[in-house]
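Here you get one chain, nothing else, as structure tokens; it is the form predicted alone.
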């Protein structure tokens, strides 16, 4: 079952991972081994969580990579479902 309007994973990273630890974007990016620009794009919802980033986050915050990818997938699927009525698709059935 899909969550109603799930948050972007970047919001979760900021609110549940960075803020409690008092980490700046620069400090967190350095710890993750990515550029500040890359992490900032994720935190601001302009980029998604890639499988590699999911692994990086899982190592840094002692979480599972799957949980990060699941959050990204739920976010993307919810937004795609909002366009369902606009999609031009025919049902395919066996004759």
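Numbering follows the first chain given and starts at 1. Keep in mind it's a predicted model, so treat the numbers as computed, not measured.
Keep in mind that the form predicted together with the DNA is missing from the display, and what follows is about it.
Although the partner is absent here, residue 24 sits close enough that one of its heavy atoms falls within 4.5 Å of the DNA in the predicted bound form. The DNA in the predicted bound form comes within 4.5 Å of a heavy atom belonging to residue 40. Contact annotation for residue 47: at least one heavy atom lies within 4.5 Å of the DNA in the predicted bound form.
Within this chain, residue 57 is remote from the site of the DNA in the predicted bound form, having no heavy atom within 4.5 Å.
Within 4.5 angstroms of the DNA in the predicted bound form, the stretch 78-95 places no non-hydrogen atom at all.
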